[in-house]
Ligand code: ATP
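Okay, so here's just one chain, in structure tokens, the form predicted alone.
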């Protein structure tokens, strides 16, 4: 796997496959064809087959895909076969919303601490999780073997916070700060979440391809 290039577009579709297959498994569906799965997901059957062939295919001609098996295998590719410890850098409103989201724990992602530089926040708790001083991040990350950090700090504090994360030996950042981080990409991988960009993609559709109600 390490020597095979997988495009970002394919990787972005894997969580969606996992979600749909999970729903099918809960409904008791044992197997599904690429055509039926494609119709559910509004993609082409060819696209599904091409994507899954990067990882071995998983299907059998004339049978289709075993739903539970494929769901589990994609989950393994996504790292869902073990727990992941996360910390949040920044303990403001966005951090509070993320901490209160139950879905992470259900798939094995555990928020174990929040860090901030604001003395008024340090020592408080969000959903029972303590807010610690950012100066303690490095020791905490090594002791607890933290897998990834979530950045929810303001734009002007983002790069300094990212540097703290890198120094702490955390190699993966989920960045909600509205800026591109300047970090050594050999030491850390950054996944950016730009909320405004996503909104503007939607308004592009509104502007260029408006949906007209039929009369």
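Keep in mind it's a predicted model, so treat the numbers as computed, not measured. Residue numbers count along the first chain shown, from 1.
The same protein also has a form predicted in complex with adenosine-5'-triphosphate, omitted here; what follows describes it.
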Legend entry - Complete contact of 17, 33 and 66 with adenosine-5'-triphosphate in the predicted complex (any heavy atom, 4.5 Å): no
Legend entry - Answer option from 98, 111, 117, 77, heavy atom within 4.5 Å of adenosine-5'-triphosphate in the predicted complex: 117
Inset, instruction - Name the single residue among 121, 86, 141, 129 that comes within 4.5 Å of adenosine-5'-triphosphate in the predicted complex, judging by heavy atoms. - result: 121
Inset, instruction - Tell me, please, which stretch of 22-30, 154-162, 43-51, 179-187 lies within 4.5 angstroms of adenosine-5'-triphosphate in the predicted complex when heavy atoms are compared? - result: 154-162
Inset, instruction - Quick one: name the residues from 76-98 with any non-hydrogen atom within 4.5 angstroms of adenosine-5'-triphosphate in the predicted complex. - result: 89, 90, 91, 92, 93, 94
